[in-house]
Each structure stands twice: as C-alpha cells, then as structure tokens.
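Presented below, as structure tokens, is a lone chain in the form predicted on its own.
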C-alpha cells in the first residue's frame, strides 16, 4: 500500500460580521472550494480536487479552517482561495475572503503554528485594551496559551499511536478555544 503525502492549509475565514461565522458548515466550505477550483482551473482542477481534498477542521467561533490536500497539488487549491468571495448556507450569503495562515505537512505543525498565531493576536489585543480589567484578562489568556499544552498532547499521542487525524484535530480545538476564550 502506498502512503499519500498531504499538505494542510490553515486558513482564516475573514468576515465583517463575526456572528455570521456561526452559519458555516464544513460541507458548505467544501462546495465553495470545489466551485472556486473549477472556476480557476477547469476540469483538470476538478479532477484533482476530487482525489484528495478534505475539510478536516472548521471552527465556527474563530473562523479557522484546516484543509487537507495532496502534496503535489496543494498549490492548485491555494491559488483558488482568492476566488471565494462568499459562502452560502441555509439560504444566507456570507461575504468573506480567505487568509491562508500556514501550510504544513502535518496537523501537528498547523496546531503549533495556530498556538503561536493566537498568542501574537493576544499581544496585539493587549495594546488596544482600554481598561485594566481587559488587560488582566488578556494577560491571563496569554499565560494560558503556551506550548506546554501542545507538548503534553504530544506525549499523550506518543503513548497511543493508533490515534486518527480527527482525534488530534479535536485535541487542538481545546487548545484553540482556550487561547481564544478572551
């Protein structure tokens, strides 16, 4: 059996109204990605899209999306992201664009990058705080989001090698929600 190498695109869905992120679903995102790839690359893109693209993780609270693609064709998918201008779900259109934050070879590298990225975002938010209570809450969040939680998860995963990709995505969701809880 041949192992297919993958690339993971860690993207952020940017919208004007954060409450509209609650409407997002992974199959809606999958359909929008497929339409964008077909629009940009035609039948060739559609064939490659059907081979190995999957939306592995979608956090509707933060707008973070993890997309898996085959290693040889991830640039095709990456180049089609700017063609997505809206997502339609449940009869509502959400104007948006995608910001590709990181391209990694494993879900773990994307998790580590996401922790660092969220920590940087918290430091930026700290500068915009107006009251001391807000500053204290963000400082507590910064202290909570350290790579020690990721290292602890690595140690747990080393003990059980039969863990699937979805389980590790669920573990990272806990880290991301802890970081973004402020």
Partner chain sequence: MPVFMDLNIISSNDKKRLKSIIETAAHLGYSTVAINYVVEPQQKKQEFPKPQSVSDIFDKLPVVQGKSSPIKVLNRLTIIASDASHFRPTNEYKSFDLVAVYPTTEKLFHAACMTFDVDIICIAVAEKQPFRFKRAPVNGAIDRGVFFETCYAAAIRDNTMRRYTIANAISFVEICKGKNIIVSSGAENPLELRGPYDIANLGLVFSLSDGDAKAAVSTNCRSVLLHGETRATASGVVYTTKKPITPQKQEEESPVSKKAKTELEYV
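For clarity, a rigid core is taken as the largest C-alpha set superposing within 1.5 Å between two forms. In this text, all values refer to a predicted model and were calculated from it rather than measured experimentally. Residue numbers count along the first chain shown, from 1.
The same protein also exists as the form predicted in complex with its partner chain; that form is not shown, yet it is the one meant from here on.
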### Candidate site 8, 22 and 53: all three near its partner chain in the predicted complex by heavy atom within 4.5 Å
no
### Query
Should residue 28 be classed as touching its partner chain in the predicted complex when contacts are defined as heavy atoms within 4.5 Å?
no
### Query
Hey, in the predicted complex, does residue 39 get a heavy atom within 4.5 angstroms of its partner chain?
yes
### Query
How about residue 71: is it within 4.5 Å of its partner chain in the predicted complex, going by heavy atoms?
no
### Query
Does any heavy atom of residue 93 come within 4.5 Å of a heavy atom of its partner chain in the predicted complex?
no
### Message
Using a 4.5 Å heavy atom cut-off, which of 63-71, 112-120, 42-50, 132-140 contacts its partner chain in the predicted complex?
### Response
112-120
### Any residue of 74-111 that, in the predicted complex, places a heavy atom within 4.5 Å of its partner chain
75, 78, 79, 82, 83, 84, 85, 95, 96, 97, 98, 99, 100
### Query
Just checking, between the shown form and the other one and with the core aligned, does residue 130 shift 2 Å or more at the CA?
yes
